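A single chain, nothing else alongside it, follows as C-alpha coordinates in the form predicted on its own.
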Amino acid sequence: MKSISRVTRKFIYALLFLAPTSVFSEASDYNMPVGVTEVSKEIFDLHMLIMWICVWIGVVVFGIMFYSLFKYRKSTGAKASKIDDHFWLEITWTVAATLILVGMAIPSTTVMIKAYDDREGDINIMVTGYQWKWQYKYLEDDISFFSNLSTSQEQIDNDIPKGEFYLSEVDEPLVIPINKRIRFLITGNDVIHSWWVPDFAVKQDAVPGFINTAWTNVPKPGIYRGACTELCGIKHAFMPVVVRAVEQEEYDAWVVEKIALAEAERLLNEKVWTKAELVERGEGVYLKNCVACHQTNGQGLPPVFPALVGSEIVMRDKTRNIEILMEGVRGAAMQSFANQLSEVDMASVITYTRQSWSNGKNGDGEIIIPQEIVDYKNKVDL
(Lines give C-alpha, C1' and ligand atoms only; values in the text may rest on other atoms or scores of the structure.)
Protein backbone atom coordinates (compact mmCIF):
# COMPACT_ATOMS: atom_id res chain seq x y z
CA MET A 1 0.00 0.00 0.00
CA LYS A 2 1.69 3.17 -1.24
CA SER A 3 -0.57 5.73 0.41
CA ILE A 4 -1.85 6.14 3.95
CA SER A 5 -5.56 5.39 4.30
CA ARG A 6 -8.02 8.05 5.43
CA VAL A 7 -8.69 6.23 8.72
CA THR A 8 -4.98 6.01 9.44
CA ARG A 9 -4.54 9.72 8.74
CA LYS A 10 -7.36 10.58 11.16
CA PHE A 11 -5.78 8.43 13.84
CA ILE A 12 -2.41 10.15 13.39
CA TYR A 13 -4.02 13.62 13.52
CA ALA A 14 -5.85 12.71 16.72
CA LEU A 15 -2.67 11.35 18.25
CA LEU A 16 -0.61 14.42 17.35
CA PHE A 17 -3.16 17.15 18.03
CA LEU A 18 -6.20 16.09 20.05
CA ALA A 19 -4.46 13.93 22.67
CA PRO A 20 -1.77 16.51 23.67
CA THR A 21 -4.36 19.29 23.68
CA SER A 22 -6.70 17.43 26.05
CA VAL A 23 -3.97 16.06 28.31
CA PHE A 24 -2.07 19.34 28.59
CA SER A 25 -4.96 21.79 28.74
CA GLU A 26 -5.31 23.98 31.83
CA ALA A 27 -8.37 22.03 32.99
CA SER A 28 -6.69 18.63 32.73
CA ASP A 29 -6.01 16.63 35.88
CA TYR A 30 -2.79 15.44 34.21
CA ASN A 31 -1.31 18.93 33.93
CA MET A 32 0.31 21.10 36.58
CA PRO A 33 -2.02 23.64 38.26
CA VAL A 34 -2.13 27.16 36.86
CA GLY A 35 -2.12 28.82 40.27
CA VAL A 36 -3.56 32.17 41.33
CA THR A 37 -0.55 34.49 41.39
CA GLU A 38 1.01 36.30 38.46
CA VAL A 39 4.24 34.34 38.81
CA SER A 40 2.44 30.99 38.96
CA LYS A 41 0.60 31.82 35.74
CA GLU A 42 3.84 32.84 34.02
CA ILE A 43 5.45 29.58 35.14
CA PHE A 44 2.49 27.65 33.73
CA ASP A 45 2.75 29.53 30.41
CA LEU A 46 6.48 28.76 30.32
CA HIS A 47 5.73 25.11 31.03
CA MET A 48 3.22 25.00 28.16
CA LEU A 49 5.64 26.76 25.78
CA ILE A 50 8.46 24.32 26.50
CA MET A 51 6.05 21.38 26.31
CA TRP A 52 4.79 22.37 22.86
CA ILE A 53 8.32 23.00 21.61
CA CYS A 54 9.20 19.46 22.71
CA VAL A 55 6.02 18.08 21.12
CA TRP A 56 6.79 19.66 17.75
CA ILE A 57 10.43 18.59 17.89
CA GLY A 58 9.11 15.08 18.43
CA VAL A 59 6.61 15.45 15.58
CA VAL A 60 9.32 16.59 13.15
CA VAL A 61 11.96 14.05 14.20
CA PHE A 62 9.65 11.05 14.42
CA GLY A 63 7.73 12.22 11.34
CA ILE A 64 10.92 12.19 9.26
CA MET A 65 11.94 8.87 10.77
CA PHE A 66 8.60 7.12 10.19
CA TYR A 67 8.30 8.63 6.70
CA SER A 68 11.75 7.35 5.80
CA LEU A 69 10.99 3.90 7.21
CA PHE A 70 7.75 3.72 5.22
CA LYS A 71 8.94 5.36 2.01
CA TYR A 72 12.20 3.47 1.68
CA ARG A 73 11.19 0.08 3.04
CA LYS A 74 12.75 -3.02 1.54
CA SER A 75 9.44 -4.32 0.15
CA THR A 76 9.31 -1.44 -2.36
CA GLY A 77 12.77 -2.29 -3.66
CA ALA A 78 14.56 0.62 -2.00
CA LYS A 79 18.32 0.27 -1.53
CA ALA A 80 20.35 2.09 1.10
CA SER A 81 22.76 4.80 -0.05
CA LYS A 82 26.30 4.91 1.28
CA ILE A 83 26.62 8.37 2.93
CA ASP A 84 29.40 9.21 5.38
CA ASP A 85 28.34 12.76 6.28
CA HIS A 86 26.82 15.95 4.91
CA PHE A 87 28.52 19.19 5.96
CA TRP A 88 25.60 21.60 5.43
CA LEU A 89 23.07 19.22 6.96
CA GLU A 90 25.14 18.99 10.14
CA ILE A 91 25.59 22.79 10.22
CA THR A 92 21.85 23.25 9.74
CA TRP A 93 20.70 21.02 12.58
CA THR A 94 23.42 22.36 14.91
CA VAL A 95 22.31 25.94 14.28
CA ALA A 96 18.64 24.96 14.54
CA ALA A 97 19.20 23.22 17.89
CA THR A 98 21.15 26.23 19.20
CA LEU A 99 18.38 28.63 18.20
CA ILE A 100 15.75 26.42 19.86
CA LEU A 101 17.76 26.27 23.11
CA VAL A 102 18.31 30.04 23.13
CA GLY A 103 14.62 30.54 22.42
CA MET A 104 13.79 28.37 25.43
CA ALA A 105 16.44 29.94 27.70
CA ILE A 106 15.32 33.56 27.29
CA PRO A 107 11.73 33.20 28.62
CA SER A 108 12.90 30.65 31.23
CA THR A 109 15.49 33.04 32.64
CA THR A 110 13.01 35.93 32.67
CA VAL A 111 10.45 33.94 34.66
CA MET A 112 13.01 32.47 37.08
CA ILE A 113 14.47 35.91 37.86
CA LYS A 114 10.98 37.08 38.79
CA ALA A 115 10.21 33.93 40.80
CA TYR A 116 13.41 34.23 42.87
CA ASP A 117 13.18 37.98 43.47
CA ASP A 118 14.55 38.41 46.98
CA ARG A 119 13.39 41.95 47.76
CA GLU A 120 11.90 42.65 51.18
CA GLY A 121 8.16 42.19 51.37
CA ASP A 122 5.40 44.34 52.76
CA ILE A 123 5.05 41.51 55.28
CA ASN A 124 7.94 39.17 56.12
CA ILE A 125 7.20 35.79 57.68
CA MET A 126 9.69 33.31 59.09
CA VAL A 127 8.61 29.74 58.24
CA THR A 128 10.29 27.00 60.29
CA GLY A 129 9.79 23.29 59.71
CA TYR A 130 9.59 20.99 62.73
CA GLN A 131 8.93 17.27 63.00
CA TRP A 132 6.04 17.45 62.15
CA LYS A 133 4.50 20.90 62.06
CA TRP A 134 5.18 24.42 60.80
CA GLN A 135 5.96 27.50 62.84
CA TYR A 136 5.03 30.94 61.46
CA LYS A 137 6.61 34.07 62.91
CA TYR A 138 5.51 37.49 61.65
CA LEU A 139 8.62 39.64 61.82
CA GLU A 140 6.80 43.00 61.82
CA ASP A 141 4.39 41.99 64.58
CA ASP A 142 4.73 40.11 67.85
CA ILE A 143 2.97 37.05 66.43
CA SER A 144 4.25 33.49 66.41
CA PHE A 145 2.32 30.23 66.33
CA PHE A 146 2.50 26.60 65.24
CA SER A 147 0.30 25.06 62.58
CA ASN A 148 -0.52 21.43 63.35
CA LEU A 149 -2.45 18.78 61.46
CA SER A 150 -6.05 18.74 62.68
CA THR A 151 -7.27 15.55 60.97
CA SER A 152 -8.54 13.30 63.72
CA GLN A 153 -6.75 10.11 64.70
CA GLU A 154 -10.02 8.25 64.12
CA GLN A 155 -9.91 9.19 60.42
CA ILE A 156 -6.26 8.19 60.18
CA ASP A 157 -7.06 4.81 61.78
CA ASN A 158 -10.07 4.34 59.45
CA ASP A 159 -12.46 4.24 62.43
CA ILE A 160 -14.62 6.96 60.87
CA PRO A 161 -15.01 8.17 57.25
CA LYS A 162 -12.30 10.48 55.97
CA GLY A 163 -13.21 14.14 55.53
CA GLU A 164 -12.94 16.23 52.38
CA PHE A 165 -9.58 17.66 53.40
CA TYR A 166 -8.10 14.53 54.92
CA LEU A 167 -4.47 15.23 55.96
CA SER A 168 -4.81 18.73 54.46
CA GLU A 169 -6.35 20.60 57.39
CA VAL A 170 -4.67 22.40 60.27
CA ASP A 171 -5.65 23.95 63.57
CA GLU A 172 -4.15 27.35 62.67
CA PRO A 173 -3.55 28.32 59.03
CA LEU A 174 -1.09 30.96 57.91
CA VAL A 175 -3.04 34.20 57.37
CA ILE A 176 -1.91 36.81 54.81
CA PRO A 177 -3.54 39.84 53.19
CA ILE A 178 -4.27 39.91 49.48
CA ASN A 179 -2.52 42.29 47.05
CA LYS A 180 0.53 42.59 49.29
CA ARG A 181 4.06 41.35 48.68
CA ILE A 182 4.66 38.57 51.22
CA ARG A 183 8.23 37.35 51.66
CA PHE A 184 8.85 33.99 53.31
CA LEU A 185 12.13 33.25 55.09
CA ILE A 186 12.20 29.47 55.24
CA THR A 187 14.35 27.28 57.47
CA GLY A 188 14.26 24.02 59.43
CA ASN A 189 14.65 23.25 63.10
CA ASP A 190 15.65 19.58 62.98
CA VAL A 191 15.83 17.94 59.55
CA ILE A 192 15.27 19.13 55.98
CA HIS A 193 11.64 19.95 55.17
CA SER A 194 10.18 21.68 52.11
CA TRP A 195 7.42 24.30 52.17
CA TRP A 196 5.19 23.99 49.08
CA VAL A 197 2.05 25.83 48.00
CA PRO A 198 1.32 24.98 44.34
CA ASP A 199 -1.21 27.79 43.84
CA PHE A 200 1.57 30.29 44.66
CA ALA A 201 4.26 28.44 42.64
CA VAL A 202 6.30 28.42 45.85
CA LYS A 203 8.38 25.41 46.79
CA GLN A 204 11.45 26.00 48.93
CA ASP A 205 13.56 23.69 51.07
CA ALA A 206 13.64 24.33 54.82
CA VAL A 207 17.23 23.49 55.75
CA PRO A 208 18.49 23.74 59.36
CA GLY A 209 21.11 26.47 59.66
CA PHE A 210 20.16 28.13 56.36
CA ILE A 211 17.45 30.59 55.35
CA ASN A 212 15.94 30.27 51.89
CA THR A 213 13.52 32.86 50.61
CA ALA A 214 10.37 32.89 48.51
CA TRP A 215 7.61 35.41 47.90
CA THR A 216 4.04 35.73 46.73
CA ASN A 217 1.35 38.29 46.03
CA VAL A 218 -2.11 36.73 46.17
CA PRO A 219 -4.75 38.62 44.16
CA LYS A 220 -7.91 37.09 45.63
CA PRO A 221 -9.15 35.73 48.97
CA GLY A 222 -9.28 32.00 49.50
CA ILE A 223 -7.86 28.92 51.20
CA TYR A 224 -4.72 27.57 49.54
CA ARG A 225 -3.25 24.21 50.49
CA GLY A 226 0.13 22.58 50.17
CA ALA A 227 2.40 20.19 52.04
CA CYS A 228 5.91 19.32 53.07
CA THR A 229 7.55 17.79 50.01
CA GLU A 230 10.80 16.58 51.55
CA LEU A 231 10.83 13.18 53.23
CA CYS A 232 11.41 14.30 56.82
CA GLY A 233 10.49 11.29 58.97
CA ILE A 234 7.70 8.87 59.79
CA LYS A 235 5.09 11.65 60.00
CA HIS A 236 6.16 13.39 56.78
CA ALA A 237 2.63 13.08 55.36
CA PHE A 238 1.15 14.71 58.46
CA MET A 239 2.43 18.29 58.12
CA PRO A 240 0.23 20.07 55.56
CA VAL A 241 0.46 23.74 54.65
CA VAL A 242 -2.72 25.82 54.72
CA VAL A 243 -2.73 29.52 53.83
CA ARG A 244 -5.77 31.76 54.25
CA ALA A 245 -5.65 34.91 52.12
CA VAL A 246 -8.02 37.65 53.30
CA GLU A 247 -8.89 41.28 52.68
CA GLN A 248 -6.62 43.85 54.36
CA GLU A 249 -9.31 44.87 56.89
CA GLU A 250 -9.83 41.28 57.99
CA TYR A 251 -6.07 40.76 58.23
CA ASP A 252 -5.63 43.84 60.43
CA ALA A 253 -8.37 42.61 62.75
CA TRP A 254 -6.72 39.17 62.90
CA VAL A 255 -3.38 40.73 63.87
CA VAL A 256 -4.99 42.70 66.71
CA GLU A 257 -6.75 39.55 67.93
CA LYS A 258 -3.57 37.43 67.83
CA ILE A 259 -1.58 40.02 69.77
CA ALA A 260 -4.33 40.21 72.39
CA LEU A 261 -4.46 36.41 72.69
CA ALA A 262 -0.66 36.27 73.13
CA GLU A 263 -0.86 38.83 75.92
CA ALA A 264 -3.67 36.89 77.57
CA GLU A 265 -1.58 33.74 77.33
CA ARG A 266 1.32 35.44 79.08
CA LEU A 267 -1.00 36.55 81.89
CA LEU A 268 -1.99 32.91 82.44
CA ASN A 269 1.45 32.33 83.95
CA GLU A 270 0.29 34.23 87.03
CA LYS A 271 -2.95 32.27 87.43
CA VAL A 272 -3.30 29.76 90.28
CA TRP A 273 -3.93 26.49 88.43
CA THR A 274 -5.63 23.44 89.87
CA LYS A 275 -4.54 19.91 89.04
CA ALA A 276 -7.74 19.26 87.09
CA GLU A 277 -7.27 22.39 84.96
CA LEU A 278 -3.68 21.51 84.15
CA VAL A 279 -4.58 17.92 83.25
CA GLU A 280 -7.45 19.02 81.03
CA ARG A 281 -5.32 21.52 79.13
CA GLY A 282 -2.35 19.16 79.07
CA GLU A 283 -4.37 16.45 77.36
CA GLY A 284 -5.04 18.73 74.40
CA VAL A 285 -1.36 19.70 74.21
CA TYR A 286 -0.33 16.04 74.39
CA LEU A 287 -2.71 14.97 71.61
CA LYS A 288 -1.44 17.77 69.39
CA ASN A 289 2.30 17.50 70.01
CA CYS A 290 3.24 14.20 71.65
CA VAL A 291 0.86 11.48 70.51
CA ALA A 292 2.71 10.87 67.22
CA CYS A 293 5.70 9.45 69.09
CA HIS A 294 4.34 8.33 72.47
CA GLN A 295 0.83 7.17 71.42
CA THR A 296 -2.45 8.03 73.10
CA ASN A 297 -1.90 5.38 75.78
CA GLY A 298 1.61 6.60 76.58
CA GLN A 299 3.23 3.30 75.55
CA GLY A 300 5.60 4.98 73.07
CA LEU A 301 7.27 3.29 70.11
CA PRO A 302 10.33 1.58 71.64
CA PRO A 303 13.23 1.73 71.25
CA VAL A 304 13.17 5.12 69.48
CA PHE A 305 10.32 6.67 71.49
CA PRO A 306 10.23 5.30 75.05
CA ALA A 307 7.05 4.65 77.00
CA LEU A 308 5.87 7.36 79.38
CA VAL A 309 3.77 4.88 81.34
CA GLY A 310 5.78 3.65 84.30
CA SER A 311 8.71 5.96 83.55
CA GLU A 312 10.60 6.83 86.73
CA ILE A 313 11.46 10.24 85.34
CA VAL A 314 7.85 11.05 84.48
CA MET A 315 6.47 9.77 87.77
CA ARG A 316 9.07 10.91 90.30
CA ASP A 317 11.73 13.23 88.86
CA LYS A 318 10.00 16.42 87.83
CA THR A 319 13.26 18.39 87.54
CA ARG A 320 14.60 15.97 84.93
CA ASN A 321 11.13 15.80 83.36
CA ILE A 322 11.15 19.57 82.80
CA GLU A 323 14.73 19.48 81.55
CA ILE A 324 13.95 16.87 78.87
CA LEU A 325 11.02 18.80 77.43
CA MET A 326 12.84 22.10 77.59
CA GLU A 327 16.16 20.99 76.11
CA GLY A 328 15.46 17.68 74.39
CA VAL A 329 17.77 14.68 74.59
CA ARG A 330 21.10 14.88 72.79
CA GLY A 331 21.61 11.97 70.39
CA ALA A 332 17.98 10.88 70.64
CA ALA A 333 14.80 11.64 68.72
CA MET A 334 13.42 13.78 71.54
CA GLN A 335 13.56 17.43 70.48
CA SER A 336 13.36 20.60 72.55
CA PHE A 337 9.88 22.07 73.02
CA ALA A 338 11.10 25.24 74.72
CA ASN A 339 10.24 27.38 71.70
CA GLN A 340 7.23 25.32 70.64
CA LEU A 341 5.08 25.46 73.77
CA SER A 342 4.13 28.31 76.06
CA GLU A 343 4.96 28.11 79.74
CA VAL A 344 1.35 27.16 80.50
CA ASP A 345 1.25 24.45 77.83
CA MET A 346 4.59 23.06 78.97
CA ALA A 347 3.47 22.85 82.59
CA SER A 348 0.13 21.37 81.55
CA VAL A 349 1.50 18.59 79.36
CA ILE A 350 4.08 17.55 81.95
CA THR A 351 1.37 17.46 84.61
CA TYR A 352 -0.87 15.45 82.26
CA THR A 353 1.76 12.75 81.69
CA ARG A 354 2.49 12.58 85.43
CA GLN A 355 -1.19 12.15 86.30
CA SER A 356 -2.45 10.00 83.42
CA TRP A 357 -2.67 6.26 82.82
CA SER A 358 -1.19 4.44 85.84
CA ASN A 359 1.33 7.19 86.59
CA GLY A 360 -1.08 9.13 88.78
CA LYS A 361 -1.47 6.24 91.22
CA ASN A 362 2.14 5.08 91.21
CA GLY A 363 3.98 8.41 91.05
CA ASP A 364 4.59 11.20 93.54
CA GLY A 365 1.46 13.06 92.36
CA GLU A 366 3.20 16.43 92.07
CA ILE A 367 2.00 18.94 89.49
CA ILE A 368 4.02 21.45 87.48
CA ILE A 369 2.91 25.08 87.48
CA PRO A 370 3.80 27.63 84.75
CA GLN A 371 6.01 29.63 87.10
CA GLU A 372 8.35 26.63 87.38
CA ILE A 373 8.85 26.72 83.61
CA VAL A 374 9.48 30.46 83.73
CA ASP A 375 12.06 29.93 86.51
CA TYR A 376 13.77 27.19 84.50
CA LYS A 377 14.01 29.43 81.42
CA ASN A 378 15.53 32.22 83.51
CA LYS A 379 17.95 29.79 85.13
CA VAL A 380 19.36 28.36 81.89
CA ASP A 381 18.77 31.53 79.83
CA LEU A 382 16.44 29.94 77.26
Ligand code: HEC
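We number the residues from 1 along the sequence you see. The model shown is predicted, which means the values in this text are computed figures rather than measured ones.
Although it is not shown, the form predicted together with the ligand is what the next lines describe.
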{"query": "Heavy atom of each of 290, 325 and 333 within 4.5 Å of the ligand in the model of the complex", "finding": "yes"}
{"query": "Proximity to the ligand in the model of the complex, single hit among 97, 89, 261, 304 (heavy atom within 4.5 Å)", "finding": "304"}
{"query": "Residue (of 311, 229, 299, 153) lying close to the ligand in the model of the complex, criterion heavy atoms within 4.5 Å", "finding": "311"}
{"query": "is_contact(residue 321, the ligand) in the model of the complex, heavy atom dist at most 4.5 Å", "finding": "yes"}
{"query": "Residue contact check: residue 215 to the ligand in the model of the complex, 4.5 Å heavy atom", "finding": "no"}
{"query": "Heavy atom of residue 329 within 4.5 Å of the ligand in the model of the complex", "finding": "yes"}
{"query": "4.5 angstroms heavy atom contact with the ligand in the model of the complex for residue 183", "finding": "no"}
{"query": "In the model of the complex, segment of 52-60, 66-74, 311-319, 32-40 with a heavy atom within 4.5 Å of the ligand", "finding": "311-319"}
{"query": "Within 4.5 Å of the ligand in the model of the complex: residues from 337-354 (heavy atom criterion)", "finding": "337, 341, 349, 353"}
